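What follows is one chain in structure tokens, specifically the form predicted on its own.
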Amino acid sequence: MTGSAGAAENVGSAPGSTSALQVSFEFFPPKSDEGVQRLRSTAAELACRLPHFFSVTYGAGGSTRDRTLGAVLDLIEAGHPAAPHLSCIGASRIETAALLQTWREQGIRRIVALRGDLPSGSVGLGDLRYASDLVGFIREQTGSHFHIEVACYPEVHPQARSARDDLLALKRKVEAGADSAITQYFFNADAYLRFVDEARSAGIRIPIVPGIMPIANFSQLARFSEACGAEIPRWLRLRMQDLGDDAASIRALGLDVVTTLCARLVAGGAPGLHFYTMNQAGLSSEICNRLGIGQA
């Protein structure tokens, strides 16, 4: 398998330790000059957590391609390791090859490779229909130049026919050349731990990093979760609903819940934590602080 040597097993600190835990933070590309400045401040604040990398999302059908690249280059210029997301739905092989060449020339070494969703009004699926096709194409075009991250779903992708089919989809990505995987966010540690066990039983040896969603706005989280298939435990949903519009109490409960989740994942052997920041540093930084990751 091209590009995966040395990435098969988690090596470093013992389970439960944060001394060698790799953390990463996800951003979306800003739409304005003000947003660019806010993102720079957010990255600077999170830099003290010694992130393995920052990633920047890629809009449906490549709709944010230039802004994604701009944000990644801005982060790299500031001295931060950064990786663009790349989705293949709606793109041609020629377009994708040209983009990969541009990224190579800009010194980018890591990609988060995804299938992506069709943009509104789009009718073409493009030349590469699945993330495994994209991973294979990246390897075909660039060899081992890029470290390739892919997505996986402990609670099963909402469009998957079954949990088994979803696991086999991850295995195809690995066989195509993926180096490591980042999960969709979740709030049930057992879902992740069981998923990793099942992946290992299926012969998948790459690191599987849990995606972490801090809770800032519960109604927004509920909408996101409905769209992506992430489950919010009934007890948590009810407690959040009881808090109504009490933002401070929602924040406090969210911090406690997500910090406890992270601690259990680390104790269970998770090789890292990938935070979905929504371009805000505060909650992710506080969770890291509580876990003893980096410096405050």
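All figures in this text were calculated on a predicted structure; none of them were measured in a lab. Just count from 1 along the sequence shown to find any residue number.
Only in words, not in the display: the form predicted together with a small molecule, which the text now covers.
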| query | finding |
| --- | --- |
| Options 140-148, 73-81, 108-116, 192-200; stretch whose heavy atom lies within 4.5 Å of the small molecule in the predicted bound form | 108-116 |
| Exercise: residue 224 in contact with the small molecule in the predicted bound form, heavy atom 4.5 Å | no |
| Residue 96 within 4.5 Å of the small molecule in the predicted bound form, heavy atoms | no |
| Residue 131: touches the small molecule in the predicted bound form, heavy atom cutoff 4.5 angstroms | yes |
| The small molecule contact at residue 54 in the predicted bound form, heavy atom, 4.5 Å | no |
